[in-house]
Ligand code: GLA
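A single chain comes next, written as C-alpha cells; it is the form predicted on its own.
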Amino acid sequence: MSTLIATFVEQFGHTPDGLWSAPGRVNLIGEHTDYNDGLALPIALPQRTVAACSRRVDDVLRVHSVAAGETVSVDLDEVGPGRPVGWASYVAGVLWAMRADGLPVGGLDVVLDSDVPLGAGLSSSAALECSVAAAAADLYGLGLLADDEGRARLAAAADRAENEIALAPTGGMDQLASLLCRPGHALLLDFHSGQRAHVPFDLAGHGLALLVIDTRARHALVDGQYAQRRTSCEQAAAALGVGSLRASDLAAVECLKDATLRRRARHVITEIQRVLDTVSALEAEDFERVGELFLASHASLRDDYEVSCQELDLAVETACASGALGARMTGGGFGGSAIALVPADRVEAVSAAVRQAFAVAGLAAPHPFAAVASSGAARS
C-alpha cells in the first residue's frame, strides 16, 4: 500500500484521500446465463484491484495505471462510447455511468494497481471498475456501500460502463460479484427477478479446496465471439417466441430447427438447472455431486456452447484424472481459467499434474492456485 501511495504522490503531487479495493471473481457454475435472465453462482477471489483516489473540484479524471505505466486525463463531459480508448475507458465509464444515473459525481485523481490476473477470465475489468465505483461513492458521500441495494446500483453503473463506454459486452454477473460477495459464501444471482442469496461455501471445513487454473490462454471479450453467442441466444429466444431463454424449457428448445441455435439454447437451459442443483448439493454438503455438476457444465460449454479450447479441456481432464472431484472452465471461455474441486491434500499433486500435461503438450505453463471465497469491494 505504501508503494501505491508513493506512486500517487509522484504522479499527482499530493496524498490520496484513501484506498479502495475490489476483487476479481470466479464463477462456480452458471456460465453465459446472466444475459439470458438465468442464474449464476460466483465467489469473490482474494486477488484485488486497489485504487488510490482523491476527489477533485472539477470534472476531470486523471488516472494512472501501474501495470500500463501510463497516465490518462479526460474531461468527464467528453466521455462516450469508445472514448477514452483502452484501459482508461473502464475507469472513465464508471464515473460517466454514475452521472448518467443521476449521482452527483465529479472528477477524481486515481492510481491503480492489481494482482488479479489479466486475460484469465477472472474479471480483472470488473475489479477495476468496482474499485473506482466504491471510491467515488465514498468520496462523494453517496452512502452506496452501506447495503446490498446500494452496491447493486454501483454494479449496474460498472456494468453499463463496460458495455457502453469500453464496448466490451458483458452480462452483469462480474460487477455484482465484485461488489456483493461475502467471505465464505457464494453469491446466487437471479437475473430475471433480481433476487440474490448468499450460499455457504466452506470447502476447508470438508477437507476440500477450489483450485483455479489460469491456463495462460488469453481471454478477451472484445474479439466478437462473446457477442456472437449472445446474439445466438437472442435469435433462439425469438424463434421460441419468448423474451429470454429463461422463459423456455428443454422440450421446446429441442424442437428448434437451426442446429446451432438449438445447441446454444440447450446449454443455457441445462446450465440454469445445474446452478439450482449445485446450490442444493452445497446445502446438502454433497460435494461429489457438485463435482459431477462441474463436469456436466464443462461438457455443455465445450460441446453445445463451443467456448472451450485445448488448454481448458486439458486442464479439466488432467485435474480429474489426478484426483479432482470435478472441474470445468469458468468465465466467458475462448481461453482464460478452469476450476477444479479437489481434496485439500491433493492441491499440489493436481497442480503439478496440470503443469506437466501442459509441458508435454507444448503449451505455455499454466498458473494454478487455490482460492477461497472472499469479500467484495471496500475501503482498505
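Just so we're clear, the structure is a prediction, and the values are computed from it rather than from any experiment. Numbers follow the displayed sequence, beginning with 1.
The same protein also has a form predicted in complex with the named molecule, omitted here; what follows describes it.
- Proximity of residue 174 to the named molecule in the model of the complex falls within the 4.5 Å heavy atom cutoff.
- When the named molecule is considered in the model of the complex, residue 332 lines it closely, a heavy atom lying within 4.5 Å.
- Proximity of residue 30 to the named molecule in the model of the complex: non-hydrogen atoms within 4.5 Å are present.
- Interface membership of residue 34, defined by any non-hydrogen atom within 4.5 Å of the named molecule in the model of the complex, is confirmed.
- A single residue from the set 170, 278, 300, 124 has any heavy atom within 4.5 angstroms of the named molecule in the model of the complex; that residue is 170.
- Contact with the named molecule in the model of the complex, defined as any heavy atom within 4.5 Å, is confined among 22 to 30, 44 to 52, 335 to 343, 318 to 326 to 22 to 30.
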